[in-house]
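Taking the form predicted alone, here's one chain by itself in structure tokens.
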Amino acid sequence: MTMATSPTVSARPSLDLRDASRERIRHRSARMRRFVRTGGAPVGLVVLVLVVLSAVTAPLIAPQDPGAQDILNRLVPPLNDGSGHVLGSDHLGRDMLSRLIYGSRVSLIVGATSVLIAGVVGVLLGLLSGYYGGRVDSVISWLANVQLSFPFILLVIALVAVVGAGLMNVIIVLGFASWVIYQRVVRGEVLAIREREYIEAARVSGARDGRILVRHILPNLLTPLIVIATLQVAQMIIAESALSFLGLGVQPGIPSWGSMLADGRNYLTVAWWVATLPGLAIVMTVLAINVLGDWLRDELDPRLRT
């Protein structure tokens, strides 16, 4: 008499899934512990989130119209009861808190958009110069060397003076004045990647150059590009503030931290808050972005993390 035997089901696949899940949880926990241990990174993240939220919700949280003038309450100090200005007012009676909130919009828009333009232009030129080499590389490298021969801030001032001030002009000038760093990094990486075996295999299989660049080379460049873009946002914010301070930035009617700093330089002895508050906003935002950029660089590079 034969007894039917039930088929045995191996528990190994489920155990492998559990082990993989535990490994992912351990990896995330270790990453979170490293993030907290850095000290400055959590604080920088909180500051940056607050700045972004204030920029997005500016019409909702701003207590007053940033352009409304109240001459009777001009140069009111911060925390003055009865004035309606929590952080004081400027020389035209405009609310400082409202102008700081709306000024964050200009800084973040200029920083993010100009970095996007510089990244697209620099990555494209870096891919072409590194992959094709020869005359293409010589021409692009020559253009990069010519641009690097000019100090960055002087080049930006000269270009803005030619095309004119304005938010869009500032974004375009900053974007096209800072593509070189992306081109240099991408070119160096592509020169090393293009000779590897899987690139040769893709060529032999008949893949076109565009497919090789997009599918096989560009994904290997994302880590350094993310770190560079993060740190470049802080530089673009400083550059926009410098241009606005010199009167070459956004239009006078648009609140900007740089223009607020320029307005307050003549009142440092009698109204310190007019220049100090936008200066602190610039310093805290740039410092928060730089701290997060340093943490991101260490986290994405295993050698630095070790």
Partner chain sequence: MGQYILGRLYQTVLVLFGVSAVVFLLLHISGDPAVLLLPQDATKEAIEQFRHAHGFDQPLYVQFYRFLSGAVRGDLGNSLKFNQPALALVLDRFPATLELALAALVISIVTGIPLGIISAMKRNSPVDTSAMVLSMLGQSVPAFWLGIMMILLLSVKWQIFPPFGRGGISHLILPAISLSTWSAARVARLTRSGMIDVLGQEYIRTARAKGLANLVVVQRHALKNAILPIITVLGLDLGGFLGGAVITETIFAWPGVGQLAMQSIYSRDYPVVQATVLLVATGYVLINLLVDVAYAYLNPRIRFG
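Positions refer to the first chain, counted from 1. Keep in mind the model is a prediction, meaning the values are calculated, not measured.
Not on display, but discussed next: the form predicted together with the partner chain.
Although the partner is absent here, residue 149 sits close enough that one of its heavy atoms falls within 4.5 Å of the partner chain in the predicted complex. Interface residue remark: residue 235 is counted as part of the site for the partner chain in the predicted complex, having a heavy atom within 4.5 Å.
At a distance threshold of 4.5 angstroms between non-hydrogen atoms, residue 161 is in contact with the partner chain in the predicted complex. Within 4.5 Å of some heavy atom of the partner chain in the predicted complex lies at least one heavy atom of residue 142. Taking a 4.5 Å heavy atom cutoff to the partner chain in the predicted complex, the contact residue among 252, 279, 42, 63 is 279.
Proximity to the partner chain in the predicted complex, taken as a non-hydrogen atom within 4.5 angstroms, holds for one residue of 157, 191, 168, 92, which is 157.
By the 4.5 Å heavy atom rule, the three marked residues 245, 261 and 287 all count as contacting the partner chain in the predicted complex. Interface residues of 248 to 277, taken as those with a heavy atom within 4.5 Å of the partner chain in the predicted complex (partner not displayed): 248, 261, 265, 268, 269, 272, 275, 276, in sequence order.
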